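There is one chain below, alone, in C-alpha coordinates, taken in the form predicted on its own.
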(Lines give C-alpha, C1' and ligand atoms only; values in the text may rest on other atoms or scores of the structure.)
Protein backbone atom coordinates (compact mmCIF):
# COMPACT_ATOMS: atom_id res chain seq x y z
CA UNK A 1 0.00 0.00 0.00
CA UNK A 2 1.15 3.57 -0.55
CA UNK A 3 0.19 7.08 0.53
CA UNK A 4 1.42 10.41 -0.73
CA UNK A 5 0.86 13.56 1.32
CA UNK A 6 3.57 15.59 -0.39
CA UNK A 7 1.87 16.69 -3.57
CA UNK A 8 2.15 20.03 -5.30
CA UNK A 9 1.16 23.20 -3.53
CA UNK A 10 2.51 25.58 -0.97
CA UNK A 11 4.71 24.54 1.89
CA UNK A 12 3.39 24.96 5.44
CA UNK A 13 3.74 28.42 7.01
CA UNK A 14 7.33 29.50 7.50
CA UNK A 15 8.90 26.47 5.80
CA UNK A 16 11.57 26.55 3.06
CA UNK A 17 12.30 23.56 0.83
CA UNK A 18 15.66 21.87 1.37
CA UNK A 19 17.51 20.10 -1.44
CA UNK A 20 19.09 17.59 0.92
CA UNK A 21 18.00 15.70 4.02
CA UNK A 22 20.69 16.21 6.67
CA UNK A 23 21.20 14.43 9.94
CA UNK A 24 19.87 17.05 12.37
CA UNK A 25 18.68 17.55 15.91
CA UNK A 26 19.49 19.04 19.30
CA UNK A 27 23.20 19.82 19.43
CA UNK A 28 23.94 17.69 22.48
CA UNK A 29 22.84 14.59 20.54
CA UNK A 30 25.21 15.15 17.62
CA UNK A 31 27.83 12.71 18.93
CA UNK A 32 25.35 10.23 20.35
CA UNK A 33 24.51 7.15 18.30
CA UNK A 34 22.51 3.97 18.92
CA UNK A 35 24.36 1.40 21.01
CA UNK A 36 23.21 -1.46 18.80
CA UNK A 37 21.79 -0.32 15.44
CA UNK A 38 21.18 -3.93 14.38
CA UNK A 39 18.97 -4.70 17.38
CA UNK A 40 15.32 -4.12 16.50
CA UNK A 41 13.17 -4.20 19.61
CA UNK A 42 10.71 -1.95 21.41
CA UNK A 43 10.04 -2.14 25.12
CA UNK A 44 6.49 -1.32 26.20
CA UNK A 45 6.25 0.09 29.74
CA UNK A 46 4.33 2.58 31.84
CA UNK A 47 0.75 2.22 33.05
CA UNK A 48 0.45 -1.28 31.65
CA UNK A 49 -0.58 -4.59 33.13
CA UNK A 50 2.45 -6.48 31.77
CA UNK A 51 5.66 -4.76 30.65
CA UNK A 52 6.92 -6.47 27.51
CA UNK A 53 9.62 -6.24 24.87
CA UNK A 54 8.53 -6.62 21.26
CA UNK A 55 11.32 -7.87 19.04
CA UNK A 56 12.05 -7.66 15.36
CA UNK A 57 10.47 -10.94 14.39
CA UNK A 58 7.15 -9.86 15.90
CA UNK A 59 7.33 -6.50 14.10
CA UNK A 60 8.02 -8.35 10.85
CA UNK A 61 4.68 -10.11 11.21
CA UNK A 62 2.84 -6.79 10.81
CA UNK A 63 1.59 -5.60 7.41
CA UNK A 64 4.31 -3.58 5.69
CA UNK A 65 3.33 -0.10 4.58
CA UNK A 66 5.04 2.28 2.13
CA UNK A 67 4.36 6.00 1.90
CA UNK A 68 5.77 9.22 0.52
CA UNK A 69 5.82 12.05 3.06
CA UNK A 70 7.32 15.48 3.57
CA UNK A 71 9.56 16.03 6.59
CA UNK A 72 9.18 19.42 8.27
CA UNK A 73 11.94 20.49 10.64
CA UNK A 74 10.82 23.00 13.26
CA UNK A 75 13.83 25.16 12.32
CA UNK A 76 11.95 26.01 9.07
CA UNK A 77 13.44 23.63 6.47
CA UNK A 78 11.40 20.95 4.71
CA UNK A 79 12.54 17.94 2.72
CA UNK A 80 9.81 16.86 0.35
CA UNK A 81 8.76 13.46 -0.99
CA UNK A 82 10.73 11.06 1.19
CA UNK A 83 9.93 7.39 0.52
CA UNK A 84 9.45 5.58 3.82
CA UNK A 85 8.71 1.91 4.45
CA UNK A 86 7.83 0.21 7.71
CA UNK A 87 4.87 -0.62 9.91
CA UNK A 88 1.98 1.56 10.95
CA UNK A 89 2.17 2.55 14.61
CA UNK A 90 -1.54 1.77 14.76
CA UNK A 91 -0.90 -1.85 13.74
CA UNK A 92 1.98 -2.10 16.22
CA UNK A 93 -0.24 -0.82 19.00
CA UNK A 94 -3.43 -2.73 18.20
CA UNK A 95 -1.86 -6.04 17.13
CA UNK A 96 1.16 -6.26 19.45
CA UNK A 97 1.44 -3.70 22.25
CA UNK A 98 -2.16 -3.58 23.41
CA UNK A 99 -2.87 -7.34 23.56
CA UNK A 100 0.50 -8.14 25.14
CA UNK A 101 1.04 -5.25 27.56
CA UNK A 102 -2.60 -4.48 28.46
CA UNK A 103 -2.28 -0.70 28.92
CA UNK A 104 -4.70 1.06 31.25
CA UNK A 105 -7.80 2.25 29.44
CA UNK A 106 -6.99 5.90 30.16
CA UNK A 107 -3.27 5.69 29.32
CA UNK A 108 -3.38 8.27 26.54
CA UNK A 109 0.11 9.83 26.68
CA UNK A 110 2.87 8.00 24.81
CA UNK A 111 6.49 8.66 25.73
CA UNK A 112 8.96 7.52 23.08
CA UNK A 113 12.51 6.54 24.07
CA UNK A 114 15.54 6.33 21.78
CA UNK A 115 18.80 4.38 21.95
CA UNK A 116 20.77 7.66 21.95
CA UNK A 117 18.96 8.95 25.05
CA UNK A 118 16.56 11.29 23.26
CA UNK A 119 12.89 11.17 24.20
CA UNK A 120 9.64 12.72 23.07
CA UNK A 121 5.92 12.38 23.65
CA UNK A 122 2.68 12.53 21.69
CA UNK A 123 -0.94 11.78 22.48
CA UNK A 124 -1.86 8.22 21.63
CA UNK A 125 -4.63 9.49 19.37
CA UNK A 126 -2.09 11.34 17.21
CA UNK A 127 0.11 8.25 16.90
CA UNK A 128 -2.83 6.12 15.76
CA UNK A 129 -3.25 8.25 12.61
CA UNK A 130 -2.84 6.06 9.50
CA UNK A 131 0.24 7.90 8.21
CA UNK A 132 2.32 7.40 11.38
CA UNK A 133 4.98 4.76 10.78
CA UNK A 134 7.68 2.83 12.54
CA UNK A 135 10.05 3.06 9.60
CA UNK A 136 13.03 0.80 8.87
CA UNK A 137 13.62 1.79 5.23
CA UNK A 138 14.17 5.11 3.45
CA UNK A 139 14.16 5.65 -0.31
CA UNK A 140 14.28 1.92 -0.98
CA UNK A 141 17.25 1.15 1.30
CA UNK A 142 17.64 0.09 4.92
CA UNK A 143 17.33 3.08 7.22
CA UNK A 144 20.81 4.59 7.74
CA UNK A 145 22.28 5.62 11.08
CA UNK A 146 21.97 9.26 10.02
CA UNK A 147 18.20 9.00 9.90
CA UNK A 148 17.36 6.72 12.76
CA UNK A 149 18.46 3.11 12.31
CA UNK A 150 17.32 0.61 13.21
CA UNK A 151 13.81 2.04 13.62
CA UNK A 152 12.34 5.54 13.74
CA UNK A 153 9.01 7.26 14.08
CA UNK A 154 7.61 8.99 11.00
CA UNK A 155 4.75 11.34 11.92
CA UNK A 156 4.33 13.70 8.93
CA UNK A 157 1.73 15.94 10.58
CA UNK A 158 4.19 16.86 13.35
CA UNK A 159 7.46 18.78 13.31
CA UNK A 160 10.63 16.74 13.04
CA UNK A 161 11.52 16.87 16.72
CA UNK A 162 8.55 14.59 17.37
CA UNK A 163 9.81 12.11 14.72
CA UNK A 164 12.15 10.31 17.08
CA UNK A 165 15.15 8.38 15.68
CA UNK A 166 16.62 5.09 17.01
CA UNK A 167 13.34 4.11 18.69
CA UNK A 168 13.70 1.49 21.41
CA UNK A 169 10.93 2.16 23.91
CA UNK A 170 7.27 3.10 24.15
CA UNK A 171 5.71 4.08 27.46
CA UNK A 172 1.98 4.53 27.94
CA UNK A 173 0.96 6.83 30.78
CA UNK A 174 -2.26 8.20 32.21
CA UNK A 175 -0.61 11.62 32.61
CA UNK A 176 2.73 13.36 32.14
CA UNK A 177 4.25 12.65 35.55
CA UNK A 178 6.89 10.34 34.05
CA UNK A 179 7.95 12.63 31.23
CA UNK A 180 10.30 15.59 31.40
CA UNK A 181 11.67 16.66 28.03
CA UNK A 182 15.45 17.05 28.15
CA UNK A 183 15.55 19.82 25.54
CA UNK A 184 14.82 23.55 25.82
CA UNK A 185 11.45 24.22 27.42
CA UNK A 186 10.15 26.41 24.60
CA UNK A 187 10.49 23.45 22.23
CA UNK A 188 8.31 21.17 24.33
CA UNK A 189 4.99 21.56 22.56
CA UNK A 190 2.71 18.63 23.45
CA UNK A 191 1.66 18.08 19.80
CA UNK A 192 3.84 20.22 17.49
CA UNK A 193 1.40 20.04 14.57
CA UNK A 194 2.79 21.53 11.39
CA UNK A 195 -0.58 22.65 10.02
CA UNK A 196 -1.19 24.81 13.10
CA UNK A 197 2.45 25.96 13.31
CA UNK A 198 2.83 24.66 16.86
CA UNK A 199 6.59 25.22 16.82
CA UNK A 200 7.03 25.49 20.57
CA UNK A 201 5.50 26.31 23.91
CA UNK A 202 5.28 29.78 25.39
CA UNK A 203 6.95 31.54 22.45
CA UNK A 204 4.93 32.77 19.44
CA UNK A 205 5.59 30.85 16.25
CA UNK A 206 6.52 34.00 14.33
CA UNK A 207 9.40 34.65 16.72
CA UNK A 208 10.75 31.10 16.44
CA UNK A 209 10.33 31.28 12.68
CA UNK A 210 12.75 34.23 12.62
CA UNK A 211 15.24 32.91 15.17
CA UNK A 212 15.63 29.31 14.04
CA UNK A 213 17.17 29.83 10.56
CA UNK A 214 20.30 31.33 12.11
CA UNK A 215 20.82 28.10 14.05
CA UNK A 216 20.55 25.77 11.05
CA UNK A 217 24.06 26.13 9.48
CA UNK A 218 26.07 25.50 12.70
CA UNK A 219 23.84 22.61 13.75
CA UNK A 220 24.09 21.01 10.31
CA UNK A 221 27.88 21.38 10.47
CA UNK A 222 28.04 19.82 13.95
CA UNK A 223 25.93 16.81 13.01
CA UNK A 224 27.88 16.31 9.77
CA UNK A 225 31.22 16.33 11.61
CA UNK A 226 29.91 13.89 14.22
CA UNK A 227 28.65 11.49 11.55
CA UNK A 228 31.92 11.67 9.59
CA UNK A 229 33.89 10.85 12.75
CA UNK A 230 31.71 7.88 13.49
CA UNK A 231 31.97 6.57 9.93
CA UNK A 232 35.78 6.79 9.93
CA UNK A 233 36.49 5.38 13.36
CA UNK A 234 38.17 1.93 13.54
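Bear in mind that the values here come from a model prediction, so they are computed numbers and not experimental data. Residue numbers count along the first chain shown, from 1.
Same protein, other form: the form predicted in complex with a small molecule, not shown, and the subject of what follows.
> Would you confirm whether the three residues 58, 87 and 170 all fall within 4.5 Å of the small molecule in the predicted complex, going by non-hydrogen atoms?
Answer is no for this spot.
> Which of 164, 122, 97, 134 has a heavy atom within 4.5 Å of the small molecule in the predicted complex?
Contact with the small molecule in the predicted complex is made by 164 alone.
> Counting any non-hydrogen atom inside 4.5 Å, which residue from 107, 157, 129, 146 sits next to the small molecule in the predicted complex?
By the 4.5 Å criterion, the partner-contacting residue is 146.
> Using 4.5 Å between non-hydrogen atoms, is residue 25 touching the small molecule in the predicted complex?
Flag for residue 25 set to yes.
> According to a 4.5 angstroms non-hydrogen atom cut-off, is residue 71 in contact with the small molecule in the predicted complex?
Yes, residue 71 lies within 4.5 Å of the small molecule in the predicted complex.
> Classify residue 114 as contacting or not contacting the small molecule in the predicted complex by the rule of any non-hydrogen atom within 4.5 angstroms, answering yes or no.
Yes, contact at 4.5 Å.
> Using the partner position in the predicted complex, report whether residue 92 sits within 4.5 Å of the small molecule, counting heavy atoms only.
Contact check for residue 92: no, nothing within 4.5 Å of the small molecule in the predicted complex.
> Using a 4.5 Å heavy atom cut-off, which stretch among 46-54, 26-34, 198-206, 60-68 contacts the small molecule in the predicted complex?
Heavy-atom contact with the partner occurs in 26-34.
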